[in-house]
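Okay, so here's just one chain, in structure tokens, the form predicted on its own.
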């Protein structure tokens, strides 16, 4: 279904979505304190709860939202992708941005993963990246294509593990999104231009 990623940002983003959703298929009991077990446990039933044909888009989005909030540090990812522009945003702008950012992820991933099936996640070793973070390596095994390298940056926060970034073949999904958002902001409209773009993309109103 997928071709090997080269340099196209949209294709990297879609495979990043695939990798993220592969981790959102299992319930909370699968979690473990060890980063490798955390990733491996979540990946055992990759995609099953999100690609099943007997749920509609609204139900799929509901599942994505709940699992995203449980297993990913959405606030940290959202702040990082806004970059230094976060300091320049007002409190109402920050609140709306985080809300729209989460909605963008949910609607995009739910739509894309209604089309995917058959991929498997093979988890490798964990490497300490900093005092707080660990990177867990893995591969997405495809039925009709070469394996795709995926790395998960996991952080322990308040005693609970959270994914804070996903790297697909060495390309950070957070850094890619940050670059895209920065380009919108730098068109001259500032934070409001980005919010307007996110509203349009998610079908939201101010």
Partner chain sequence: MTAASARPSRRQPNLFAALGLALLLSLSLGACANNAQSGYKTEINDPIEPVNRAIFAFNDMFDRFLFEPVAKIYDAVFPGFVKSGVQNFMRNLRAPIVVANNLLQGEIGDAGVATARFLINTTTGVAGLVDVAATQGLMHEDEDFGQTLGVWGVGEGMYIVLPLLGPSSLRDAAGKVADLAVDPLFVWSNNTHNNWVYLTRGGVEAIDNRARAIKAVEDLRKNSLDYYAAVRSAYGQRRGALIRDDARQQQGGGAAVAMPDYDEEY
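Positions refer to the first chain, counted from 1. If you're wondering where the values come from, they're calculated on a predicted model, not measured in any experiment.
What follows is about the form predicted in complex with the partner chain, which we do not show.
Interface membership of residue 108, the partner chain in the predicted bound form, 4.5 Å heavy atom rule
Residue-level check for residue 108: yes, a contact with the partner chain.
Can residue 121 be called a contact residue for the partner chain in the predicted bound form at 4.5 Å between heavy atoms?
No, residue 121 sits far enough from the partner chain in the predicted bound form that none of its heavy atoms falls within 4.5 Å.
Please run the contact check for residue 180 against the partner chain in the predicted bound form: heavy atoms, 4.5 angstroms, yes or no?
Yes, contact at 4.5 Å.
Heavy atom of residue 76 within 4.5 Å of the partner chain in the predicted bound form
Yes, residue 76 lies within 4.5 Å of the partner chain in the predicted bound form.
Is it the case in the predicted bound form that 53, 59 and 72 each bring at least one heavy atom within 4.5 Å of the partner chain?
Checked in the predicted bound form: no contact with the partner chain for any of the three.
Can you tell me which bits of 162-179 touch the partner chain in the predicted bound form, meaning any heavy atom within 4.5 Å?
Counting only heavy atoms within 4.5 Å of the partner chain in the predicted bound form, the contacting residues of 162-179 are 164, 165, 167, 169, 170, 171, 172, 174, 175, 176, 177, 178, 179.
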